[in-house]
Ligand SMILES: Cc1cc2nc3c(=O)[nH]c(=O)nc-3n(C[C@H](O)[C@H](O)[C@H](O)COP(=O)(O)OP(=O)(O)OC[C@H]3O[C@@H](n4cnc5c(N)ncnc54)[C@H](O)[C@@H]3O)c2cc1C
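One chain is shown next in C-alpha cells, namely the form predicted alone.
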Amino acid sequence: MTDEGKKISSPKGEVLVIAEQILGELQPVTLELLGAGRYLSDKLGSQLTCLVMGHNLAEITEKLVSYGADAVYVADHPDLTCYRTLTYRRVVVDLLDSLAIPPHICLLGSTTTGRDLAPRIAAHFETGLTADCTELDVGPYEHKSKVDPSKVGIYEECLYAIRPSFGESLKARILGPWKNPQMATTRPGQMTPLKPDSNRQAKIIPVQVSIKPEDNRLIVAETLREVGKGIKLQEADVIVAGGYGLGSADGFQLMNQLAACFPNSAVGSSRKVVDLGWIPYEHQVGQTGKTVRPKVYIACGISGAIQHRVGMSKSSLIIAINKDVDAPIFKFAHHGIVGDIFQIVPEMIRQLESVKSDKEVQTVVSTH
C-alpha cells in the first residue's frame, strides 16, 4: 500500500466537553455542547465526558449527568471560584496529561471564557483549534499533500469543524487530524441540547487541583456582574426584533408593546441600530451579537443581511415585516408582510391583546 492510501489511526479517546459556569450558574452553551458531543461520541463509539471547574459544584455535576455525560471530571477548589485564565488552564492541562489516552475531541463554547481558554490549551498540546463553529461531525479524510510526507494517508475519524466564512456566505470545513485532542469552540445557540434524564447514571471523577505560584499572577479582587432585566434573548420563546426601518429609537417602544403580548418574550435588534445607539448591545442578534433559536422571531424593519441572518435563521417560525418588497429577509422568512410597520404592528397588538389569557397566547405560539 502506498503512503497515499495508508490508514493513519490513533487510540480512540473520549469526547471531552469543558463546561462553563459563572458564579455557580451553568451556562446554556455547555448543555448544547453535550448534545453535540453525544452525537460525536456515539458515532466514534467512545465515551462522552465533561470537565467542570469551580467551587461547590454538586448541583452542576448532577445537571451535566442528566444532559448526557457518561463521566464528569470535577475540579472543585476555592481557587477556582472565579474564572482566571492560568488557574483554569493548569487544571485542564494537568488532567489531559494524566490520561492514558488523550481525548479524541475537546469542545468549548465560543464565549468570552471559551475564546480565552481554548487557544491556551491548544498551544500547550500543539494541536489544531477551529473557532466559532456552527456544525460538528466526524468522518474520513484523505490527506494527499506531500509537503510533509508523514501526514499523507487516510484519517478515518477526523473532526469536521464547520464554520461560516467569506462574510457568512460559505461554509468552511476545517480539519486538523494530525494530533489529538482535535479542538473546536462552538457558537452559543447553534447546537441542540438533549432532553434531560434525571435517571441517568455516570461516573463522578474528582480531579486533583495543583495550582502553581505562577498561576496566581492575576488576582480577581472583585466581581461586578450586571444582571439585565427581563428575559434573556437566548431563553426567549418569542423575539420581536427591530431594525433601521423603525426610523428612530422611539420605534422600539412599539417593539416592546408587541413583545409584551407574549409570555417569555424579548426584544432584539439588528447591528445597525445598536451602532446608532438606539438600543443597547445586549439586544443585538447576529454574527457579532447573540445567536438565538426562539419558537417565533418577528423581524420588523430588518433587511435580512447575512450578518443578521446567521444569528436567527434557526428560529422555528420567522415572520418578517418590511415595506421593501425586495428585502433579503423575505427569501428565508416563513411568512412575510409588506407594508408600514407603524400600521401593521399596532393591528397585531390589538388582535393579540384580544386574546384573554396567557394560555391562549401560548397555544398560538406552540401551534406554529
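Note that residue numbering follows the sequence shown and begins at 1. Whichever C-alpha set is largest while still superposing within 1.5 Å between the two forms counts as the rigid core. Every value quoted in this text rests on a predicted model; they were computed, and no experiment measured them.
The same protein also exists as the form predicted together with the ligand; that form is not shown, yet it is the one meant from here on.
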{"query": "Among 28 to 36, 298 to 306, 43 to 51, 58 to 66, the region lying within 4.5 Å of the ligand in the predicted complex by heavy atom distance", "finding": "298 to 306"}
{"query": "Every residue of 163, 286 and 289 near the ligand in the predicted complex, heavy atom within 4.5 Å", "finding": "yes"}
{"query": "The ligand: the contacting residue among 245, 176, 181, 189 in the predicted complex [heavy atom, 4.5 Å]", "finding": "245"}
{"query": "The unique member of 147, 172, 123, 219 whose heavy atoms fall within 4.5 Å of the ligand in the predicted complex", "finding": "172"}
{"query": "Heavy atom of residue 334 within 4.5 Å of the ligand in the predicted complex", "finding": "no"}
{"query": "Contact of residue 323 with the ligand in the predicted complex (heavy atom, 4.5 Å)", "finding": "yes"}
{"query": "The ligand contact at residue 131 in the predicted complex, heavy atom, 4.5 Å", "finding": "yes"}
{"query": "In the predicted complex, residue 272 touching the ligand (heavy atom, 4.5 Å)", "finding": "yes"}
{"query": "Within 4.5 Å of the ligand in the predicted complex: residues from 331 to 346 (heavy atom criterion)", "finding": "339, 340, 341, 342"}
{"query": "CA of residue 198, rigid core aligned, shift of 2 Å or more between the shown form and the other one", "finding": "no"}
{"query": "Large Cα shift (2 Å or above) at residue 118 between the shown form and the other one, core-fitted", "finding": "no"}
{"query": "Flag for residue 108, CA shift 2 Å or larger between the shown form and the other one after aligning core", "finding": "no"}
{"query": "Relative Cα spacing, residue 112 and residue 309, in the predicted complex - shift of 3 Å or more", "finding": "closer"}
{"query": "Note on residue 35-residue 312 C-alpha separation in the predicted complex, which departs from the shown form by 3 angstroms or more", "finding": "farther"}
